[in-house]
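In structure tokens, the next block holds one chain alone, the form predicted alone.
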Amino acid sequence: MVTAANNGRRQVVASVDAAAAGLGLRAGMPLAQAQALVPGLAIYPSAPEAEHEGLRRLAGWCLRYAPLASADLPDGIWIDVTGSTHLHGGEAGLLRDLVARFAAYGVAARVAIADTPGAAWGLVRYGLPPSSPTMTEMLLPLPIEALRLPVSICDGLRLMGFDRVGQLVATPRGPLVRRFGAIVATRLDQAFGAVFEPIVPAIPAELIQERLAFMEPLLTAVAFSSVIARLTATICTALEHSGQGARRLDLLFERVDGTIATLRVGTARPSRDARHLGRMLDEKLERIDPGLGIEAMRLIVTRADALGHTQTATLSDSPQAYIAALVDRLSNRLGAERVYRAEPMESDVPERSVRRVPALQCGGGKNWPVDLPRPVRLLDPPQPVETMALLPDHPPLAFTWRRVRHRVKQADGPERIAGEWWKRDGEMRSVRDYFRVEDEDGRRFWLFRRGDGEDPATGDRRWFLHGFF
């Protein structure tokens, strides 16, 4: 299948699917030539306006990754991920997640990350050169088309012997500007970061949002906080009318020089408490550099969930709402990955009997056995120790951990834990014997020996420290 578009008086191929590309067809070739090469070709008229609108919607969906995302017509999307990569496992994790989600929606995509929009544009279309640790080294070997220059200028540059970006960088600007205009110098400066290139965010019209512009630029945190209070009050009113609660808010600060600074906060549960949302935004104001001044601020609800009306004035209010507010503030201050709850798992092996879950996630109804005390802190992985102990089932008389010797005053055990043979064959016969021990200073430890102390097949009889009571 191909799509066709008019190019002057003739029709050309606008796009091809994978099967057509495998048969040698490509975008830009005359449609008559494509029909001659592939009889029975399925041809549909190109709809550039619909494609561009779809790309804009896709750019709006990309707001899940960062507050600034914009369509780069006809086939690209900008995402300014500054300060957002840690929320997705770093730069590599963000790119993997982005490509995987696109693929799940049937969208094939190539991605690249760089210090400037111009550099990312060239790298994603012309490949990442090997052994290039810096952005300059990545850009220099790329063809001149990577600078987003018009085809006519690229043809003229090639006639003069310029094939690579590095050749243009090493050439005086004056002759190039006189011959081709200022665009060559501008694109070079944009790619290497000498000239700032703003990204105008794509904000879907259906999102709840509010914008306030100012007669005079604002510069102080006190002024920003006052505007935030007005924005959150308006946003929460709109959320109430729609029966929703905010899960993620983006606050955009539009500077007078055309640049945009952003703040993003999230909530563990849907919320339309203006005071709570405003407080979370206020706590992040120290990260904002107003530059020459802020001429407008825009608050956008980029993620919202259904939230019904609740009765709040009761004799016995549930503390859940207060806990949710606390979790939100801690998550936005420390990072969502640092605020969690430990949930029991179905396993006798200590390190497998717990997992991290979101702080407000409902428990699965499981709990640890009351008659088998477990330490409040487990070491991952268990730390090897040197011990003196009688075999097969006596506790150690003393043990050395991190060059410090501890004499055992009291001990309880052993508690034998067998391996989970249904998970790994190597655990078919393996066992651990655990002891709770207390040293002369009253500190209590959880030690285990690999093996039953008699059969070498059950373990190598080495001792480990696994936790502290």
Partner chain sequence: MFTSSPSARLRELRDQIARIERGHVGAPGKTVPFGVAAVDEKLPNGGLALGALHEIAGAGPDTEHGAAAALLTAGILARMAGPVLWVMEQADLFAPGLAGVGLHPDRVVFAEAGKEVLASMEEGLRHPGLAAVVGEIGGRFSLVASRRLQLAAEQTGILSIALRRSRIFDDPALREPTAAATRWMVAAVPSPPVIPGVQGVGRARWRLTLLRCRGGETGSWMTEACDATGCLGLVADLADGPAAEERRLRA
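Throughout, rigid core stands for the largest set of C-alpha atoms superposing within 1.5 Å between the two forms. As the structure is a computational prediction, the values presented were derived from the model and not from experiment. Residue numbers count along the first chain shown, from 1.
The form predicted in complex with the partner chain exists for this protein as well; it is not shown, and the discussion that follows is about that form.
(message) Whether R96, R101 and A185 jointly form a contact site for the partner chain in the model of the complex is the question; each needs a heavy atom within 4.5 Å.
(response) Negative, none of the three is within 4.5 Å.
(request) Just one of 50 to 58, 409 to 417, 30 to 38, 423 to 431 has residues with a heavy atom within 4.5 Å of the partner chain in the model of the complex, so point it out. (result) This holds for exactly one stretch, 409 to 417.
(message) Is T171 near the partner chain? Define near as a heavy atom within 4.5 Å, in the model of the complex.
(response) No.
(message) Just checking whether R338 would be counted as a contact of the partner chain in the model of the complex - the rule being heavy atoms within 4.5 angstroms.
(response) Within the cut-off, so yes.
(request) Answer yes if any heavy atom of T82 is within 4.5 Å of a heavy atom of the partner chain in the model of the complex; otherwise answer no. (result) No, T82 stays farther than 4.5 Å from the partner chain in the model of the complex.
(request) Although the partner chain is absent from this view, report whether E283 comes within 4.5 Å of it in the model of the complex, heavy atoms only. (result) Contact check for E283: yes, within 4.5 Å of the partner chain in the model of the complex.
(request) Name the residue from Y126, F162, W368, F214 that puts a heavy atom within 4.5 Å of the partner chain in the model of the complex. (result) Looking at Y126, F162, W368, F214 one by one, just W368 meets the 4.5 Å heavy-atom criterion.
(request) Consider the chain as shown here, without its partner, and state which of L379, A398, L87, V256 has a heavy atom within 4.5 Å of the partner chain in the model of the complex. (result) Checking each option against the partner chain in the model of the complex, the one that comes within 4.5 Å is L379.
(request) Sequence order please: the residues of 430 to 448 with a heavy atom within 4.5 Å of the partner chain in the model of the complex. (result) Heavy-atom contacts within 4.5 Å come from R436, E438, E440, D441, G442, R443, R444.
(message) If I superpose the two forms on their rigid core, does the C-alpha of L390 end up displaced by 2 Å or more between the shown form and the other one?
(response) The answer is yes, as the C-alpha of L390 shifts between the shown form and the other one by 2 Å or more after core alignment.
(message) Taking the rigid core as the reference frame, tell me whether G413 has a CA displacement of 2 angstroms or more between the shown form and the other one.
(response) True for G413: a C-alpha shift of 2 Å or more.
(request) Tell me, please, whether between the shown form and the other one the C-alpha of R179 is shifted by 2 Å or more, with the rigid core used for superposition. (result) No.
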